[in-house]
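Just the one chain here, laid out as structure tokens, in the form predicted alone.
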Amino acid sequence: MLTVSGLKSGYGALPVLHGVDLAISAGEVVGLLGRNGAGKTTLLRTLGGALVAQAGTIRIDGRDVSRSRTYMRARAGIAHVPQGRGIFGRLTVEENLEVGTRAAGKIDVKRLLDEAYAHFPILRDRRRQMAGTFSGGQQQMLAIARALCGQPKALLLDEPSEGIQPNIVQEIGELVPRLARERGIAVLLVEQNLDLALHASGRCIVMDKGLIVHAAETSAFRNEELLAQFLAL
């Protein structure tokens, strides 16, 4: 389980998160919604360690990682797939995946790669190809596969549908909840594509001005009045 309590963060003297409380169970996908500038990406960057928490706690399976460095959080089980994917374009597909396995510690690398290829067969077929030559959708698949190679307990996905073709968006929408369920991963999904967010998530939360302002089962967010109230849609 990923548990967040009273989390505050920001950029220098600019506060963004004002005391976020959040809990995601193993095997659960939670969609994080909100207007641009609400603090969604800042939350994911703080959980992953790219930003330093100014106050509050972050726990993964009860372990406090609030002050841990990024690589230590990865080893503890937090994997972050950032907006823009962050793959290594000058490395091959397989080299990208091997980088991801480092978070898993001393373990059978071949087994981890085989598991990733099982979820994304196209990556096996192109494992010697330079990752920078991939399409946006293929790079997103690679980014998720690389994160899975670290055997995460919590997976943070920031706008996985951004700039990719509809058929791959649909694949991601099917894959994410299945991975969460089968591997017991707690998933936090930031997504502007409401169809994807509502399809993949069991429940959704809304951020506004650095706070969680609403939470409900996914079905509640099919109400247009609710969407208009919180997301100005």
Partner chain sequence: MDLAVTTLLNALTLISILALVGLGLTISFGLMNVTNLAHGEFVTVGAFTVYFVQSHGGSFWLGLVAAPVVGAAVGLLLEGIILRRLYERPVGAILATWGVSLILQQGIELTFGLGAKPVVPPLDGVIDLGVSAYPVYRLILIAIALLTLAGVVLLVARTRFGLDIRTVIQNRDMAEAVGINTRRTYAVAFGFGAAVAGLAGALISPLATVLPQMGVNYLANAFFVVIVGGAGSVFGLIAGSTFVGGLTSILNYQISPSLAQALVLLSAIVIVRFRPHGLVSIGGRA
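Positions refer to the first chain, counted from 1. Worth saying up front: this structure is predicted, and the values here are computed from it rather than measured.
From this point on, the text means the form predicted in complex with the partner chain, which you will not see here.
The candidate spot formed by R75, H80 and R90 lies fully in contact with the partner chain in the predicted complex, as each residue has a heavy atom within 4.5 Å of it. Checking Q192, Q54, T70, Q170 for any heavy atom within 4.5 Å of the partner chain in the predicted complex turns up a single hit: T70. Look at 134 to 142, 110 to 118, 158 to 166, 81 to 89: in the predicted complex, residues with non-hydrogen atoms within 4.5 angstroms of the partner chain sit in 81 to 89.
For the chain shown alone, R102 is a contact residue for the partner chain in the predicted complex, at least one non-hydrogen atom being within 4.5 angstroms. The partner chain is not drawn, but in the predicted complex it has no heavy atom within 4.5 Å of I122.
Counting a residue when any of its non-hydrogen atoms is within 4.5 Å of the partner chain in the predicted complex, the one hit in 117 to 132 is M130.
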